[in-house]
Each structure stands twice: as structure tokens, then as C-alpha cells.
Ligand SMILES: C[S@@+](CC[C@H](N)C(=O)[O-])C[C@H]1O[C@@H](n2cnc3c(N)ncnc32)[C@H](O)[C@@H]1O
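Only one chain comes next, encoded as C-alpha cells, the form predicted alone.
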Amino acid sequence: MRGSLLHQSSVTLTSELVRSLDIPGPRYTSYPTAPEWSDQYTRDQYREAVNQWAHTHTPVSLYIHIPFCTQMCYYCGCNVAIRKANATVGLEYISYIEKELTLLLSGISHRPQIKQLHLGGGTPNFLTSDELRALKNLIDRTCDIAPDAEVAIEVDPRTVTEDQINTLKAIGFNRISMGIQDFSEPVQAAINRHQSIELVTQLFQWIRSAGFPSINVDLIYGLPHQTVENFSTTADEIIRLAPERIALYSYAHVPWLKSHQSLIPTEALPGQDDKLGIFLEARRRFLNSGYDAIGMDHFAKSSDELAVAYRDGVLHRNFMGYTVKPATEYLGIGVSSIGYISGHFVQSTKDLKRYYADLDNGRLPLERGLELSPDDHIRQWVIQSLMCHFKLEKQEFFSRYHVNFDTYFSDSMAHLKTCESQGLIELTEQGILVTPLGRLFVRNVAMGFDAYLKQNSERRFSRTV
């Protein structure tokens, strides 16, 4: 699609404009972003943050990371451990999840209330049906899951069984998420992930028959051998399957961080114009089929609570994605998991052996963290407002922080003017409105409020397209 115009509703892009906007930048699932967290952060700081939260009795989200996969997908950016399924791996890991939960919650006089529970990975359905029951029983013994909580799990269509699906429904899960990425066989071969349309269709039938009210699918654009034509076929198959939610992520090719991505031939990756064309055509098909665009890269049926929350301006975002179950605090349990508690980001060790060793010695398996400064909190709120609501109201900013927005962010005004000249935002007396074009490049807008990015310009990030 080089040299052509790319259209999406009121969005008109030229190849030249795409090139000017396609720059390296953070994804802003957090602010400050993970590269700014410090390995000098201590367990005492973490413990104090947990104690502060405990005194407030506020609800939390709970994320549990299950790292195991039976094989490596070459595109993967997650923390995984490749293991063959056997009778000891899952049960051993659950025993350490119990140790971590017990240690983390020690000294807390009440049972935490969970507003959102998410099992991610890796492959959570690496755990057998009995192991999934054991893990859920562990959570129920230590926490109270709110009656209206979102209880979600990621599953791999290649390995999940009908018995596991029925078990998950029986023990209280109400949302299933699955990675599909692409149905094209050449793409699947290049990323080492083979799963047929027939296999996924069967899985949808199991999930619907079990009575799950919501299914989410993950797709990735920018993978090797993808074209507008073959990814449109994938999009049409997804529309036929009719999940409630769709996440359409840009592939981040970062072999300097994930060495297995070097197995993907870079010459097979679509170019800038082609990659954006893939995204826009898929987006067009979803919007024309009853889905609303939510945030940067999500879609939901117009009747779905995510779409309703977006229209009502009450959407939230954390490491688990966009959510309608806001809990300011969230606990991360398991190897490499991330939490946010009392204004502190914390991440557990990514090394499974060290994770086990720390817990065997009664230590929280901490790798790094960050206590946010007052300035961090202000910039965090601004970036989340732009990412979730595509607007910022200066009066609301003043009401929260008792400071004039234009004065506080005087050093960002040149960036905002540039974004306005590029058609990404509209600047008004009342605040900032992100345009339809800007919604595709909202990371570019957010970068102007990132104080760390200005200080550490040598950081390496994925590109914004």
C-alpha cells in the first residue's frame, strides 16, 4: 500500500504521515513505565505498601501468572517457561503460589475483597482440571471474590479441553480469553503456532455450551507474511465466531529483549504502510459488524459492558488490559507478576528457580519496584485519561491537583502544538480532545507527558504502528 491513501472513517493517512508518526515509544500499560523501576527497591518498601493498603480495606484486583507453555511461540513477549506437561510441575507451582499469598497477606487482619481476578501466562490451562480447582480453592480460602467480580482466564485453543472449560465454569470463572493471532497457515508456520479455524470453532462451542457470558480473542497484526488480504480472512472468521470482545495488538519485534523473536525472518514482516493497512482494514470490518472501538486496540460489541463503560467515560486500564471493574490497587502473584499497591509498582523475579528459592527462605520474590512521586501520580493520571477516554479536562485536573494545567505542563506545550499540527489532537480552552487519527497514535500524544522519556532518550521501545 505504499504511496496510497489509507482510510478509516474520518481518518485519512498518507504514507509520509505514517512514517512521521511511526516512532519508538512505550505502550503505557503503566506510568512510570517498567524500564524506570529499580532493582534497589526493597522488600521493606513493598511490605510497608501492603500494610498501608490493608489499613484502607479497599478492594483489589488479583493477577496470577502461570508461566508454563509446552512450546515457544516465536512472537511471544511474555515471561514463559517451556515444560512438558506432567504430574508434578503444576502442583509444585501452586504450592509456591500459596506460599507467596500467605507471606504477602501475613499480618493482615481481614480477607481482601477481589474485584477482578485474572489468570494469565504462559498458558494457565497448562494446569489440569484438578489443579485449576486446587488453585481456585486456595484463592477462596484467602480472599473474598466480590459477587460481581470479573473472573477471567487465558486459554490456549491448541491444548485446552472441554473438561477444563466445564471445570472453569463450575468453579466461578465468567470470562474466557484466547490467543488466536492469525488463521493464515504461512503466518502460523512462521510464528510456530498452528491452530485451525475448526479447532477454534469447536472451542467456542464448548465455551458457549458451558454458559460463559463473555469471550475475548487476541489478534496480532504485523506478523510475518501477513497481508491485508489474508488478515481480512482472519477478521471475517472472528466476526463469524462473534466473541464479545476483540483485542487487536501491534506486534512488537524486540529481539534484543526476547531472543527467540530472532527466529522470525525480518524480511517477512510487513512494512510500515502494509502493517497500518492490515490494522485499518480489520478495524473497518469490526466496526461495520457491530463492534465499538474501545481505547487504542480493543473492540467490544455495542451492548457489552466494556463498550458501555467507554461511552460513559468510566473505563480503566491496567496490566490486565481495559476493565470496567476498577480497583486502584492490584496484587501480582507468581513469577514475573506485576502489582500496584499504595502508589508502588512491584514486580516479582522472572527467574523460576529464584522465585522458588526466595519463597523457601521466607522472602517475597521481589525483583524491582518503584514508589511513585507526586509528579509521577500527576503524569500517570494525565496519560491514563488520554489512553482511556481520549480527552483531558483542565478543570478536572485542577480539582484533583490544585494546580493550573498549562503552568504545570508548560514544557509539554511545544509537543502538544506539534500533535495538533499533525491532526492528532484538538487543543481547546477546556482541555485536550484526541481526534480519530490521534486514537490510532495516542501513544505519540502520551509521550509528551513522560518525564522519564525526556531524561532517558536512549531507551529502546517497540514502534507505535
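Numbers for residues come from their place in the sequence shown, where the first is 1. This is a predicted model, so every value here is computed, not measured.
One more form of this protein, predicted together with this ligand, exists but is not displayed; see below.
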- Query: For the chain shown here without its partner, which stretch in 116-124, 99-107, 224-232, 280-288 has non-hydrogen atoms within 4.5 angstroms of this ligand in the model of the complex?
  - Reply: 116-124
- So which of Val155, Val346, Ala307, Ala152 reaches within 4.5 angstroms of this ligand in the model of the complex, heavy atom to heavy atom? Val155
- Query: this ligand isn't shown here, but in the model of the complex which of Tyr355, Tyr93, Tyr251, Tyr340 has a heavy atom within 4.5 Å of it?
  - Reply: Tyr251
- Query: this ligand in the model of the complex: within 4.5 Å of a heavy atom of each of Met387, Arg439 and Asn444?
  - Reply: no
- Flag Asp376 as yes or no: does it have a non-hydrogen atom within 4.5 angstroms of any non-hydrogen atom of this ligand in the model of the complex? no
- Evaluate Glu393 for contact with this ligand in the model of the complex, applying a 4.5 angstroms cut-off between non-hydrogen atoms, and reply yes or no. no
- Indicate whether this ligand has at least one heavy atom within 4.5 Å of a heavy atom of Gln181 in the model of the complex. yes
- 4.5 Å heavy atom contact, Gln261 to this ligand in the model of the complex: yes
- Partner contacts in the model of the complex for 432-449 (non-hydrogen atom within 4.5 angstroms of this ligand): none
